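Only one chain is given next, in structure tokens, and it is the form predicted alone.
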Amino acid sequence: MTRIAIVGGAGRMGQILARGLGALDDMDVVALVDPHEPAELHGARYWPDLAGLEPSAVDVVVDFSAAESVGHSARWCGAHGVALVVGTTGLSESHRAELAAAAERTGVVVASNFAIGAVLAERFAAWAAPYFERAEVIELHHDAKADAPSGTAIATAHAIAAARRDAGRGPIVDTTTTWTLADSRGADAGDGVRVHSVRLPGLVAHQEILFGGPGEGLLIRHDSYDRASFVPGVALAIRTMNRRAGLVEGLATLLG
């Protein structure tokens, strides 16, 4: 039985993870960590901070809180040899450096998206990228998402650009010459792959990857209609990660 502490346990995602992971036969959610007491404990105990936890009582910390909290989780897990799974987005280079430092002492998985369908869509996009002249990414999220573009969109754009380079394709050149509104063509995520962000109430997490070539187009779309879509990916990370040491970035590596 894998014993799990969830940082951000009072948030919407933390509550969904507590319910979803706690329902699995091989996992036990033992602690919900959050400055605010969760509405539901789902059989776990509440702790306002990781510092109050006994490290020997936890096998894995799952952090879906805020970017500024990830460093604390990384330091605590690294110091005590507790594995760490991070789904928080908007991480800075300093946050990533702290995760890398923790990974020298324990297993760390960090991913921008734990929906398995989203990870597969990124893989499909990399396969398609060398065969089309142009590619753009549109990501659509709920209006409470703080960062833009999403980490998933950035990772997808980078995967497309890398696949094109590996195939000997040059950067995409934008043929737009007149900008009636500044930034209307989105952001260049690298090698001319454009990313557009949409924020609307009612959405959860959605992404469209559009390819165009002479006389044809290809659309790869993934939709997370509910945050429960992230639970299977988190469970996969917990089950397959190396808890001794090492950093895994992205869920694709664990899919095989």
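The numbering used is simple: start at 1 and walk along the sequence shown. Everything numeric in this text was worked out from a predicted model, so none of it was measured.
From this point on, the text means the form predicted together with nicotinamide-adenine-dinucleotide (NAD), which you will not see here.
Participant: Name the single residue among L210, L203, L41, A66 that comes within 4.5 Å of nicotinamide-adenine-dinucleotide (NAD) in the model of the complex, judging by heavy atoms.
Facilitator: The residue from L210, L203, L41, A66 that makes the contact is A66.
Participant: According to a 4.5 angstroms non-hydrogen atom cut-off, is G52 in contact with nicotinamide-adenine-dinucleotide (NAD) in the model of the complex?
Facilitator: Contact check for G52: no, nothing within 4.5 Å of nicotinamide-adenine-dinucleotide (NAD) in the model of the complex.
Participant: Is there a heavy atom of G87 no more than 4.5 Å from a heavy atom of nicotinamide-adenine-dinucleotide (NAD) in the model of the complex?
Facilitator: Judged by the heavy-atom cut-off of 4.5 Å, G87 is in contact with nicotinamide-adenine-dinucleotide (NAD) in the model of the complex.
Participant: Residue-level contact is defined here as any heavy atom of the residue lying within 4.5 Å of nicotinamide-adenine-dinucleotide (NAD) in the model of the complex; does H222 satisfy this criterion?
Facilitator: Because no heavy atom of H222 falls inside 4.5 Å of nicotinamide-adenine-dinucleotide (NAD) in the model of the complex, the answer is no.
Participant: Can you tell me if V29 lies within 4.5 angstroms of nicotinamide-adenine-dinucleotide (NAD) in the model of the complex, counting non-hydrogen atoms only?
Facilitator: Outside the cut-off, so no.
Participant: Looking at heavy atoms inside 4.5 Å, which stretch does nicotinamide-adenine-dinucleotide (NAD) contact in the model of the complex, given the options 113 to 121, 158 to 166, 75 to 83, 171 to 179?
Facilitator: Looking at the partner contacts, the answer comes out as 113 to 121.
Participant: Determine the residues of 1 to 40 with a heavy atom within 4.5 Å of nicotinamide-adenine-dinucleotide (NAD) in the model of the complex and present them in sequence order; the list may be empty.
Facilitator: Stretch hits, in order: V7, G8, A10, G11, R12, M13, G14, V33, D34, P35, H36.
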